[in-house]
Every structure is written in structure tokens, then in C-alpha cells.
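As a starting point, one isolated chain is supplied in C-alpha cells, in the form predicted alone.
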């Protein structure tokens, strides 16, 4: 029996579609309308296409590197018998929750003082290495999720006739193919839109050309819009590829079920790989902490209201995204076609780099009638929702898809309407999914630099922006100390979310 959506659910999804259109479609349409013919000459310059090609090559190579590192690491962290495996896994995942700009700063303090190290770091190869090590844990985590969700009986059958590493390569990794593909798409999109690390490493990328026309003293919105058009077209190809890859199985592509089973003895190589993965992830952060610890006592002079600015915008975004994501995530998990359309539109907002999305938001909202929003932290919340709402929806959908609809059907038979079922049945049963969706959205907003640096209101810069702007002229140890403070805030948020996740077990 399938629970009928009814008029209330249809109207709710239609309202969600209208909100998503306001968040994503309107800014992208604004990009097209501001791309006037007088500014088209910027695309006839060879440098624009060189930068675009360089950004695509960088994103592709980082994705390949992240897959090469992340797939074996994911297999080891999911199934290997290694001492302190969970702790090593947590340390390896740390860069996912922080701006890659921090990793670049850490590697600079480790190698940048030496002429030989500096020449390598401040180059396309250095940018590739920094971003690969920063984003590889995304592939690791999703590979581990896919492997842990595999039916144990398939693995047990394979173990009867094959050695452990053969089981990993022939059974476990192929079974996590969808999760690995999701990881590759995310890494490509994040690298394509990355601004902070390449700018710090003096590597010219295409988003920087767009940013230069928005962030300078002379706002050149027409040229920025024209430069945004090729990236919008590329994002459309990515969205189409994602839709073709996963078809109607958007919710099932991220299965968060963790099936208990005996770990595999993968030998000393697995031990070495797990330790190396944790060390590589933590080294730049530890170096950064060591460089800035002497100045931690002075950070109060430099912080201002940046912590509160970032936390308030991130908390507001995570709250709205989770509450709105409950209905959309439930509908996506139950296979509603309208929810797939809405979520695909939100995914477009993520695949489009922040600099390009910023062009559309400036064009759509920078006008007298909307000044109350554009001149406040509300513009950051709108931009964060456009970029990260898909994350909360997908997480909730994954939890909903894994649970039978029997309880919802029983509630419907008893006369409970759509909203009552959501509030009294779905939300209590999927509270772990809601906590995880809230936490991931919160942390991704906290780590965001590219969106915030374009759109923060006067006096409302988050801590990431404060660190980025101080890096050019501020004391290096103070910059490092501020980064340590940001790490501490993020860690506190993760601990609270983790506590809530464990405490909400059904």
C-alpha cells in the first residue's frame, strides 16, 4: 500500500518549488539577463578560455587524485582490522569540515619558508596537491558508507573463496560505486568553485576572474555575468550527468545503513594506509596550530563579531534547511517526482560555483526594494540555502528510503493528514536523520568562504572572511591563531551534533 500524497503534500511541494525557484532559478536567470551584448567582448579574449580550461583541468585532476586516495582509504576505514580505526578515520575526515584555505596556510608554514618548497607550493602542482589532500576524505567517507551498507551475506560468500584484499577489490568497492560517483561529483564541483586556496597559492582560476569583477571597487556586473555563462552551462551538464547516472534512485544512492560484521585482516598495508591518511590530513592543521598558539591570547583584538556573524547565519540556514528538508526529503525518499525536480534544481545551486551564484544574487537582490534583505545577514542565509539545502534533503531522504512506510500507512488509515504524519510519525522516527542533516548543513555553512566573501553585509563578515582578508596584511601568527579558533568552533559544533545523533537512536 502506498500512502497517497494528497492535496496537502502536492501544495507543500509546489510551495517548496516556488521557494527553490526564488533561491536558484531567479539568480541564474538574472545572470543571463545581465549578460548584455556590450560585455560579450570579455569572452573573446583568449585569457578567459585559458582560465576556464585551467580550472576544468584542475578540477578533473583533483577529482582523479581524490578517487585514487579515497577509494582504498574508504575500504580500509570501512572494513579493516586496525587499532584505533575510528580515531584515525575521524582525523582523516577533519579537512572536509574546514576551508581548504586553512590547509594551504598550514602547508605554507611547513614548506613555504624554504625557497625550494615555496616554488612547488605556489604553483599549479601545489594547488593540486593541497586540494587533493583536502577533498580526498570526501571520497573516503562516501566509499566507507557504501561498503558498510552492503549486505553481509554477499561479503561472507566471497570470503569463502577469496582472500581479503580480493574481496575488497572485487566485491566491496564495486558495490559502493554509486557513493564513489557521488563523491567524485562533489569533489569536482567544490574544486571548480574553490577560490581561497588557489588565490593564496597564486594560481589563477576562472572563479577568480568572476570574483575580481564583483569584489573590486568598480562593480562590473555585466562582465561578471558574461563570464558566468560558460560555468552555468558546465553546471547544467553536471546536473544532467547526475540525473542520468542515478535516474530515479536519488534517495537510495546514499544509503546510510551500517551493517555489523566481522572486520577483515588486510595486513600491515592497511595499518600503514590508515595512519598515513590521518597524518596527511592533520599535518597542515597541526602546523597551523603550532604557529598560532602563541597568539591565541590576542585573538580577541581581531575577532570582533565574526564568530557570532558566522554562527548566526549558519544556524539559521541549517534550521530552515532541515525543517524544509523534512517534507522534501520525505517526498524524495518515497519517490515523488516533484521532489526529484526540486532537489535537482537545488543541486544546480551547488554545482554552480559560489562566484557565479553570487553574480546572480547580486543582480537579483541588489535593488532598493530588496535592500532590507541584501543589506543584512539575510542575503547570506539565502545564498547558503541555495548552495547547501540539497545536502539536508538528500540525508533525510536516505533515512526515509531505508524505513518501511507501514507506520505512515497506519496513521493515514487512522485519519492523520499529511502534516500530522510528518510531525507525529516521520519526524520522531527519522530524528537521527534530522540531526545529521542539521549538523552537516551547519558545518558546510561554517566552512564556506567563497559565498561569504562575496555577499557578507557591512560589518557582518564571518570568521572565514576575517581570516582570508587578514592573511594579506595581518600578522601571520594572528591569522593562524584565528584559524585555530575557527577549528575549535567547528569541533564544538561537531561534538554537539555527534552527541545529538547518538542520543537520538530509535
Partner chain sequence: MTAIVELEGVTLVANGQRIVDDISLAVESGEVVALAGPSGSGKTSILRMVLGLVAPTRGVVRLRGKEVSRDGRVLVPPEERGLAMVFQDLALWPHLSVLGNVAFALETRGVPKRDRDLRVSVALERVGLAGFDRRAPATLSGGERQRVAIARALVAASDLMLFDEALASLDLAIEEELLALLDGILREQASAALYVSHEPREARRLARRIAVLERGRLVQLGTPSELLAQPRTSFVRAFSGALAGR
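Numbering follows the first chain given and starts at 1. In this text the structure is predicted, and so the values were computed from the model without any measurement.
A second form of this protein, the form predicted together with the partner chain, is not displayed here; the remarks below concern that form.
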Counting only heavy atoms and a 4.5 Å cutoff, which of 92 to 100, 150 to 158, 232 to 240, 279 to 287 contacts the partner chain in the predicted bound form?
150 to 158
Which of 184, 164, 327, 141 has a heavy atom within 4.5 Å of the partner chain in the predicted bound form?
164
With the partner chain left out of view, choose which of 417, 335, 174, 267 has a non-hydrogen atom within 4.5 angstroms of it in the predicted bound form.
174
Using 4.5 Å between non-hydrogen atoms, is residue 403 touching the partner chain in the predicted bound form?
no
Taking 4.5 angstroms as the cut-off for heavy atoms, does residue 170 touch the partner chain in the predicted bound form?
yes
So which bits of 41 to 56 sit within 4.5 Å of the partner chain in the predicted bound form, heavy atoms only?
none
